[in-house]
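One chain comes next, on its own, written out as structure tokens in the form predicted on its own.
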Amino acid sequence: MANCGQLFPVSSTERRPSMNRMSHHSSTPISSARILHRGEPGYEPARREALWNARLPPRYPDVIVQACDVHDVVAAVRLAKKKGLRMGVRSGGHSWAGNHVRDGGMLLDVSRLNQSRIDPVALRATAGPGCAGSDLLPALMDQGLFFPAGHCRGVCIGGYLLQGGFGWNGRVLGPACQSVLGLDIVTADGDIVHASESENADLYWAARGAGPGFFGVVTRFHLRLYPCPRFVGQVFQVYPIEALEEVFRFAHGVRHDVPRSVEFQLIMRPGGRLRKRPHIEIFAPVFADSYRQARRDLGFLLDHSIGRHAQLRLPLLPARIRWLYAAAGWSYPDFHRYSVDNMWTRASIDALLPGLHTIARTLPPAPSHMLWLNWMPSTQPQPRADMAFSMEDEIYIALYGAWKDASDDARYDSWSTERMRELSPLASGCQLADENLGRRPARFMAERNLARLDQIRGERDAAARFYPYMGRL
């Protein structure tokens, strides 16, 4: 049993002591949850805790409920129903835009539902929404198993899986929600149901891709596991910003040829402590059966003449997953204020280059950066499962503005949104993980899927108790 982020597991029959039993506001007690109303001591720290981004939005729920188990979740949902409160749900708090932190209503924090159980024989696992993927994946790999958990430390699987989930080795295994076999859900009426292909199939369809627009509270995910790749490695290269056109033309030109075992990323950075001048990094993790196969799969990069422009070229090196998490964490340090936006595209490189030059020219100071990922070739070997998730494309571009001082908010806050708005004619849509729908509504789901999702929402949450998306087209 892998226990994510909790020293002592808590079973359904062994509950931890109540931190705050302020159930006098309702006849529906929440026996082990901590309940904080606006204006009470502890409310503001709880609101602060609900978001990893240091830039907390000026939105104030009427009440925050920190659930400890599924019974607390049921009681909280029923309390919200009784009081007529709309609900936002938080599992890990890594939503850049803070979708779950709304004005009024209830913020239900399920981050303490963080246990997981691994069955290596059946290649199955169960995990609570507050289980961090960066805890779960190393525990799996220690047993020779794998799951496409998210790239950043601390990202919990709740929001990650609901929105799709672009994780390690995801180009082979697909979006992580495709490996969700079932979910235990507390519905808008406060009932506990299980959703799978054969049971509550409408909720199962909706939960895999609805993201912050889902109309229920997931208390446990049932996951399909995979054998662990025998070799995990990485290639790292650095190019001067003056080689921008050559590097991005190369990346665009090989987009159909990058083997699915390789995550080919370009990261454009301003000058920082280690490198004083703006530059472009190529970071290419690979998941393969052997070093030989990994080297062959990376031949498109290692054997290409683009390397003559590089300032630094490291060979293919083996990597532990904890090292890859550390490398990803370098781009997303704690205690920073973030403003983020993104797009999917299949536009020509000639159309994209003017925008890339503008991004390079306007990049805020480090750790702000731009990410380019060669994600999906034009044809997949197998179609995606039928689910709400339905937005992806050949190339993913995301902008991460990051700064520490609140006095710089006005200076850097709109950078990512303005640049994405300029590029929006070239976009096919956006990814829910890095979206900013409240400021720039964009397409995040196929129209027919969004229509079906609206229909299911109308049936399952007729009273609209769960907050909808912050914006949509």
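Numbering starts at 1 and runs along the sequence shown. All values reported here derive from a predicted model rather than from experimental measurement.
Another form exists, predicted in complex with a small molecule; not displayed. Remarks below refer to it.
*Asks:* Determine whether any heavy atom of H369 comes within 4.5 Å of a heavy atom of the small molecule in the predicted complex, and answer yes or no.
*Replies:* So H369 does not count as contacting the small molecule.
*Asks:* Is there a heavy atom of N342 lying 4.5 Å or less from a heavy atom of the small molecule in the predicted complex?
*Replies:* No.
*Asks:* Does the small molecule get within 4.5 angstroms of any non-hydrogen atom of R90 in the predicted complex?
*Replies:* Yes, R90 sits close enough to the small molecule in the predicted complex that at least one of its heavy atoms falls within 4.5 Å.
*Asks:* Can H100 be called a contact residue for the small molecule in the predicted complex at 4.5 Å between heavy atoms?
*Replies:* Although the small molecule is absent here, H100 would touch it in the predicted complex, with heavy atoms inside 4.5 Å.
*Asks:* Within 4.5 Å of the small molecule in the predicted complex, heavy atoms considered, which of I280, I397, V110, V77?
*Replies:* Checking each option against the small molecule in the predicted complex, the one that comes within 4.5 Å is V110.
*Asks:* Taking 4.5 Å between heavy atoms as the contact cutoff, choose which of G233, P212, G182, G174 touches the small molecule in the predicted complex.
*Replies:* Going through each option in turn, the one that passes is P212.
*Asks:* Just one stretch in 188-196, 154-162, 223-231, 302-310 has heavy atoms within 4.5 Å of the small molecule in the predicted complex, so which one is it?
*Replies:* The contacting stretch here is 154-162.
*Asks:* On the criterion of a non-hydrogen atom at 4.5 angstroms or closer, are W52, G150 and F166 all touching the small molecule in the predicted complex?
*Replies:* Contact check passed for all of W52, G150 and F166.
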